[in-house]
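Quick heads-up: it's one chain on its own, the form predicted on its own, in structure tokens.
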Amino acid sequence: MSALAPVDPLRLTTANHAPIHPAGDYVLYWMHSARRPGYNFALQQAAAMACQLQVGLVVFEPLVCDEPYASLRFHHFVLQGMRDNQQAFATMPILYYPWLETKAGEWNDLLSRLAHKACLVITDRFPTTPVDSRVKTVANSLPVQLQTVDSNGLLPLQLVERDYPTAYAFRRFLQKVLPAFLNQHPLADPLQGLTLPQPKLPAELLRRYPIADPHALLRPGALDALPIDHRIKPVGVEGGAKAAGERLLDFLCDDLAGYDLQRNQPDSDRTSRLAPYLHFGHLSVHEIFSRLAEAEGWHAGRLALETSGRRSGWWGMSSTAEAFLDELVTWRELAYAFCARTPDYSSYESLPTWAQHSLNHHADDLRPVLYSPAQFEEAATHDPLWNAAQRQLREDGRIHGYLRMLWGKKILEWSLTPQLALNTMLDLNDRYALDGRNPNSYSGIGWCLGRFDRAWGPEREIFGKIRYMSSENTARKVSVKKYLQRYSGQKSLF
């Protein structure tokens, strides 16, 4: 039987005290956050353990209906990924088990049944409370060992041992420790060349919990009976590893060239648009980095010796590539590390002390106008640019990155309290955004209220020392005419 090295112990956590059962029938990989067949440390660890124990490998990918904000939009996106995984795994020496939950709570029973036949269970680590709570609950009930594997970023989450108040402070830390991990990537195809026994599952179990057919479930009306939100419709963005790879190639070939100068321009929209694929695990940050480095002809010898925390110049890549890496690595991994260390990461109380004091001091300031959560959701404000951003969120499942900052700032200005503003931002983003419910989106929303930022002056009504933005200034700084026409049907008023 082929051998495969286990992953770095820094990425591995044993989540319970149960033993490994060598006499089990297979290794079970519970795939829920890294939903891809390659560049996946968890899949690599599962394959390595199957080789070590000389048993088969079952990849169990459930799509459950009791996730917070479960909707047609998110189910459709995940099913497109399952379709790609089914095709990719068809020729590999494993049993791929895609499964659709039709009644809340079924997943727990099925996972338990699968685990009772397993040597051990391996799953993804993802630092958000719903996922973490689900994994902890399962860990305490399993009869075999549960290992969680961190595939989230270039740097293992376990290495971040303290909080960093700003991106600059975190960047200095990254520049000191990251070089040792830049060549430690998960395998592009961890199952290539392996010879594993073909696992079999009990016929009774498969009758009760049949393997899903993603192709059939993507047909119109196939999900009508599910207890999920049917108001939030699928968008035009295709999900899955195949579409993710195509979008990455398009970005590197076409949009990266103007990224540093044009990414804040809504009309040109030269952003990466990779966030949904990263969130649902259809694409790995390691694959993005590898392909970017290849395109740049980069090697680790080009890293700067100075670790001053500067945004540009450290990587030894082009200015466009370095601007993108600051978003992909610095800001994204800062957000993941923060959520991993802060269980209440989305709460008002988790904001910096200075930001809470300033917002509380101005909590009674007179608001120019107040809108209800329903009015925000319906894009029914007086501001055409804000309405356009909210319509983009509803229609496309995203807001252009620069306008998402304005979107959050105006919700603060038009809400009765900063706490209510935060709740509105979180609800709208988690409900509609394809990259919602993600550490990076929680970080971006928190930034609107001072997270990872500094106090600004002059002190203003409502905002206090929080960085201020207005629609008028935004429209002067960036081009929004085409954006307004697309998402509001109105010509620019600025």
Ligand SMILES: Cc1cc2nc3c(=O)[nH]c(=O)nc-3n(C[C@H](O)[C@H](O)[C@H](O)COP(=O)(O)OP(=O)(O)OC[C@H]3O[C@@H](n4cnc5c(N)ncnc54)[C@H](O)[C@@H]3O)c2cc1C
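Residue numbers run from 1 along the displayed sequence. Remember, it's a predicted structure, so these values are computed and weren't measured experimentally.
This next part talks about the form predicted together with the ligand, which is not shown.
When contacts are judged by a 4.5 Å heavy atom cut-off, G401 counts as touching the ligand in the predicted bound form. The closest heavy atom approach of V64 to the ligand in the predicted bound form falls outside 4.5 Å. The ligand is not shown here, but in the predicted bound form it comes within 4.5 Å of a heavy atom of E327. Proximity of S272 to the ligand in the predicted bound form falls within the 4.5 Å heavy atom cutoff. This chain lacks the partner; the member of L428, I445, I466, V58 within 4.5 angstroms of the ligand in the predicted bound form by a non-hydrogen atom is I445. Just one of W107, Y371, W407, F338 comes within 4.5 Å of the ligand in the predicted bound form, counting any heavy atom, and that one is W407. Contact with the ligand in the predicted bound form holds for none of R11, L155 and P186, as no heavy atom of theirs lies within 4.5 Å. Of the stretches 445 to 453, 458 to 466, 23 to 31, 38 to 46, only 445 to 453 has residues with a heavy atom within 4.5 Å of the ligand in the predicted bound form. Residues of 225 to 264 placing a heavy atom within 4.5 Å of the ligand in the predicted bound form: Y259 alone.
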